[in-house]
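Take a look at this single chain, the form predicted on its own, given in structure tokens.
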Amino acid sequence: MRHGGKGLTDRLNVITGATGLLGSHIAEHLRLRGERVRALVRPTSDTTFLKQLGVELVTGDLTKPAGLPGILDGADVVYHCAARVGDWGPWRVFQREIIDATANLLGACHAVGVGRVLHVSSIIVYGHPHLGDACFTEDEPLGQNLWLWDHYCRAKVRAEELCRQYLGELTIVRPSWIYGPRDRTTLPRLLKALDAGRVAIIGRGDNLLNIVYAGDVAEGAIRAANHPRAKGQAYNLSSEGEITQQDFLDLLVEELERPRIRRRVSYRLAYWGGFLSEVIGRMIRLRRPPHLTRYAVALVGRPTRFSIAKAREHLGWQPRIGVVEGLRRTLEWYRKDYLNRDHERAAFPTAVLASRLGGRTT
């Protein structure tokens, strides 16, 4: 690396998407290591946590490339975590916030000669392959069996193609379903559905989930960004299947002191129900995702196993925080932080969670 002789306190890490789930955990881990962190943030971003960490904040926009070189100059590592996440929205948004943003960032990184780029992709880049009993490795083709309106997957595949064309040092990581403190997207959506009585066991419920704690993924990303062997490589950062869908939902409702979920829906019926919801949502130009989508069905109901053998061998990485401990930490964060945000209270089952965790709501 260009700045390889620097001590930890002199190394500069630039993070895009640092106010998000994974980006905030990477920032936290780097600051605990004593490294300098600069975060590229939007003017409207909530930067409270980053300020507490002592992160240098720079306002900017990945869709406006002119100002990026000055922000990245001197960076030893750039962690590209920012992206449009989710399964809903028009293609132009995914094009702008994933593909164009990545192209702009890579161009600026090359212009100033940063040491290493760590690009955060997703296991969604594999598409929807027919999975057998074996674990899915990084050598599998990308974009298999894509769906209609599969904008997120297509955009992430294209972003990886741009990364492959980058002339400097670059490493790709592909996390699976990430959860943990500061998750304001996936688990809130699940908990709201639970509160509304919309959750059911999809299929037999014995499929293994690739759910992985955000702090573990952050550690893997940092290892990948600094290991000489990781140059030009891609790594799955996932659980290889610690818990089944049934056991995860049982654990969740137990933590919330709710009755066990008894209702079951076949995977096929849930999939086509999600597709119908998407069709109706697009017809009425729904801005938020429908309550049921094919992506949500697949996230919980499909059999998915992704190999982390390469990350274990190259980086010495594997998940350390189990689901029981990780979920406890996550729910505790919701009680202390998420539920105290007045503008979010109405959209969250506050009474249930607060009563379970000893908090108070008004």
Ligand SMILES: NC(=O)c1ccc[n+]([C@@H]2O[C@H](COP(=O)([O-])OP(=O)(O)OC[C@H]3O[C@@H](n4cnc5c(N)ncnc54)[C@H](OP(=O)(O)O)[C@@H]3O)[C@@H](O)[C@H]2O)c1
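A quick note: this is a predicted structure, and the numbers were derived from the prediction, not measured. Note that residue numbering follows the sequence shown and begins at 1.
Keep in mind that the form predicted together with the named molecule is not shown, yet the notes after this line are about it.
Across the proposed site, A82, V85 and S176 without exception bring a heavy atom within 4.5 Å of the named molecule in the predicted bound form.
Only one segment in the set 199-207, 148-156, 284-292, 244-252 has residues whose heavy atoms sit within 4.5 Å of the named molecule in the predicted bound form; it is 148-156.
Of the residues A311, L30, L62, L327, just one reaches the named molecule in the predicted bound form with a heavy atom at 4.5 Å or closer; this is L62.
For the candidate set R184, H110, K192, H227, a heavy atom within 4.5 Å of the named molecule in the predicted bound form is found for exactly one residue, namely R184. In the predicted bound form, none of the heavy atoms of E169 sits within 4.5 Å of a heavy atom of the named molecule. Residue contact with the named molecule in the predicted bound form: V14 places no heavy atom within 4.5 Å of it. E140 falls outside the set of residues with a heavy atom inside 4.5 Å of the named molecule in the predicted bound form. For E97, a non-hydrogen atom is located within 4.5 Å of the named molecule in the predicted bound form, even though that partner is not displayed. No residues of 244-265 lie near the named molecule in the predicted bound form, the criterion being any heavy atom within 4.5 Å.
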